[in-house]
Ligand SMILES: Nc1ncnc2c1ncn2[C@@H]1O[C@H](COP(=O)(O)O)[C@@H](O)[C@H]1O
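In structure tokens, one chain follows: the form predicted on its own.
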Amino acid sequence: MPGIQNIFVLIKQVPDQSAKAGINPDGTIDRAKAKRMLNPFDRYALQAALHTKKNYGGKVTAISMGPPAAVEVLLEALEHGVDKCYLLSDKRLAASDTLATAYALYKVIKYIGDFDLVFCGLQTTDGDTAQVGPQIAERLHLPQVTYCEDFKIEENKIIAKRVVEGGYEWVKMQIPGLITVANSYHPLEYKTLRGARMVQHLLRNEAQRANYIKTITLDDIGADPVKCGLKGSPTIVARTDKVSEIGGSCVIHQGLPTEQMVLDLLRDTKIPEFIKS
């Protein structure tokens, strides 16, 4: 079996869920004011890419799209053992929805070149759509496995354990292909000492940082600006509302016959009479 050569992993910087983030007039998140973090779902994709490198060989390239500050998550990826990074940063990408994001990242992957596997997080905490990975696979004409919880590689094929409703299914996929990694995969391991030392060195030597993190624009990758950012995004945020009160209660009905639990639920819930009847 020919060895794995190039592994790509897509990661994103998202607003920290534990911090408050402002909203722009157009309904989008004010990312300039929000605290930032590596998308929690992408931590599993990063671990899957590093596992592949450890068990089957190859080099890991991390790819991110965002403002210049997104370099922070790429430095974090280097600390964990990634070999090289690309940051697509361009003001024309602002307010991209999943369609525009997938197009831009597809163009980055084509720009970088040959690969064996592309790993993506299941979804992002700021969008929660789980659409970007599959859309990239469609643009690249790649087979794909979504909700992947575990996998192995045999005879140039991925044998993947995929989470489905009520259980699992095992599927085979030809390489090259794309995998979105479920959050039930192995947690991201600790940063490596070598990686941490290298990042500290890069923080002190900005000139050498370009050898590990290359920042590119839409012009570099040959992307059509009309298909990017707000111009290329058919999704429209019609309205946003600020939630002033968070509350409520949860009652669990169990251990009784179904008919009795339904009657208890109807009794305890404010449901219009015409529905009850």
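The first residue of the shown sequence is 1; numbering continues from there. On a predicted model such as this, the values are computed, not experimentally measured, just so you know.
Keep in mind the form predicted in complex with the named molecule is missing from the figure; the text below concerns it.
Novice: Which one of Leu117, Ala77, Cys148, Leu105 is close to the named molecule in the model of the complex, taking close to mean a heavy atom within 4.5 Å?
Specialist: Spelling it out, the residue with a heavy atom inside the cut-off is Leu105.
Novice: Out of 119-127, 149-157, 166-174, 200-208, where are the residues with a heavy atom within 4.5 Å of the named molecule in the model of the complex?
Specialist: After filtering at 4.5 Å, what remains is 119-127.
Novice: Please run the contact check for Asn39 against the named molecule in the model of the complex: heavy atoms, 4.5 angstroms, yes or no?
Specialist: Judged by the heavy-atom cut-off of 4.5 Å, Asn39 is in contact with the named molecule in the model of the complex.
Novice: So in the model of the complex, does Gln144 come within 4.5 Å of the named molecule, heavy atom to heavy atom?
Specialist: Gln144: no contact with the named molecule in the model of the complex.
Novice: Decide whether Leu218 counts as a contact residue for the named molecule in the model of the complex under a heavy atom distance cut-off of 4.5 Å.
Specialist: Residue-level check for Leu218: no, no contact with the named molecule.
Novice: Is Ser184 near the named molecule? Define near as a heavy atom within 4.5 Å, in the model of the complex.
Specialist: Ser184: no contact with the named molecule in the model of the complex.
Novice: Could you list the residues in 46-72 that come within 4.5 Å of the named molecule in the model of the complex, counting only heavy atoms and keeping sequence order?
Specialist: Residues within 4.5 Å: Ile63, Ser64, Met65.
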